[in-house]
Every structure is written in structure tokens, then in C-alpha cells.
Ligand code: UD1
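A single chain comes next, written as C-alpha cells; it is the form predicted alone.
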């Protein structure tokens, strides 16, 4: 039976991957220093995984943690464009230096494959839609630059050392357990919790900017497929992971009005530095080489996410972080 290491396992995506792997009976090891992840995201599965509290910036720790590992799902990062603009040095340390440490440790431990959480921010604000993997990257923010640099490190470790790597460019992943309290959290998590409480959300810009919002189950599916795909199809490659459909923030707000019962209007603020205007993915490469096909569309995912946050808001403290209903198959 294979052993999967998830970096950033206490985060939104990392903990979702852990649940999926535990659910299918796999062996799971996780590492997190809880700089951005949450220990409570792991409460219900902690007894079923091998958890190590450490930082990916600690190379010696990562070398020890990678021993015996077959697959690394590298999710650990400071996942924030605004924060990277404010503190580019910390952004680079976590998102580039940390990634190099993971790669060195994986190489030395003879890990089969590293699957990396890359970002659609690498494309920048080029007007061409949909974004496809052959486009020349044009990152705007320090976060985007760091994620793109780590993609190149992934490819170089495959070419130089034979370590199989796959980079998945996520497009606006959302779903249960995304932290709404952080000023850098995903817009959907923040809007849902605000609107359920009757608070007025803020849209930065005119609301006509659009995103390829992708439910968490689709990202989980992509990671598992990236582990299993033949090396001839996947190793050293970059793939878009999204739905191939874009939704404006104004449309998103209207959909949330119906689901949350919110009766107010949004506040419109100034555009944020480093943000892009439109995002839409061409997912044909992932479909062809990974067998990826999004199983949960935007409306389904939004309904599941609102239901989970509503349950969290209404549930007694001891029942919080309960596993939500999933559309995985």
C-alpha cells in the first residue's frame, strides 16, 4: 500500500485530500506548522494519519518526513496575493524556498512522484481567454511569481534528477473548511459567512471581474489522478485544474443571495493591487492526459459549501468541522 505525504495538511485543500485518501484506505502522513492551516481541520482524522508538526523550511525535518513516502502532495504555501504584496520576502521563503526543500527531500528519499499545488495566477492579466498551458506566463504579484518559480523547480527536478513531478494550476478552489476569518481568504468563504450573519460583503472593483470557481472535490480528484497517470502522460507537465466556466463576482453574489437569504446589497471598494480581471481555464490537457473531468459544477458546489458553513454556524462547538456531504464518486 502506498504512503502519501501531504504538506500543508492542516489547510483547506490539504485536509480535504487527507480525508479522501483516508476514506479509500490509503496510508497518509501529513506535515504542517499551522502558520496558515488549522489543527481543528484534522480533529476527526488525526488518529488515522501519521502527523508531523514541522515547517517545510526545515530541510532536516523534511528529509526525515519523506522517508518511505511514495507520493508527495505539496500543498503547503502562504496562499495570498495581497499578503505577498505586503511581504514579498516571507512569500518567497514559504512558497519557493519551502518548495525546494520538499523537492530535495523527496529526491533523496526516492519518492515516486511529487504533485504540486500551482496557481492560475501565473498567467497574469493577459486578455486571452481561456488560459491554456502553452501561453507565456505573465505573473503580476510576488505570490504569482513564487508559484511560477516553483513550477519551474518541479520541471527542473524531473529533468535533472528524474524525480517525477506534476504541477496543477488551481483556479479559485472553494468549499468547506476554507478559512473565512483571514483577510486573505477566498472570496466565497468570506462572502458566505458574512451573508449568513447578515453582514454586508465588499466587492473590490466593479464586480464584473470573473473567476473559474472550482469546487474542492474537483481539485482532490485532480491530485489523485495526477498520482496515478502514466509518467509518459504526466511527468514534468503542468495542467490547469478548473471547470472551464467563469462567473462574475456580481453573479456569484446573486447566487449567494438566494442560498443564504441575504437581503442587502454589496459594498463596492477599490480594486486590489495584484488582482487579475478575468480567469477562465482551458482544461482539455488535463482531460486528455490525466482523465480529469470536473464532477461538481459551480451551483452544486456553492450549495454544498453554504450548507456546511450554515451547519458550522448553528452546530454546538463539539460538532464543528464535521465531514460535509460530498458529491465525490
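On a predicted model such as this, the values are computed, not experimentally measured, just so you know. Numbering follows the first chain given and starts at 1.
The following text describes the form predicted together with the named molecule, which does not appear among the structures shown.
- Looking at 155-163, 107-115, 217-225, 76-84, the stretch with residues near the named molecule in the predicted bound form, meaning non-hydrogen atoms within 4.5 angstroms, turns out to be 76-84.
- For the candidate spot formed by 4, 63 and 99, no residue has a non-hydrogen atom within 4.5 angstroms of the named molecule in the predicted bound form.
- For the chain shown alone, residue 275 is a contact residue for the named molecule in the predicted bound form, at least one non-hydrogen atom being within 4.5 angstroms.
- When contacts are judged by a 4.5 Å heavy atom cut-off, residue 36 does not count as touching the named molecule in the predicted bound form.
- Put simply, residue 211 is close to the named molecule in the predicted bound form: some heavy atom of it is within 4.5 Å.
- Under a 4.5 angstroms non-hydrogen atom cutoff, the named molecule in the predicted bound form lacks residue 253 among its neighbouring residues.
- When you look in the predicted bound form, the only residue of 91, 193, 120, 237 with a non-hydrogen atom within 4.5 Å of the named molecule is 120.
- Screening 129, 149, 203, 259 for any heavy atom within 4.5 Å of the named molecule in the predicted bound form leaves a single hit, 203.
- Along 128-152, a non-hydrogen atom within 4.5 Å of the named molecule in the predicted bound form is carried only by 143.
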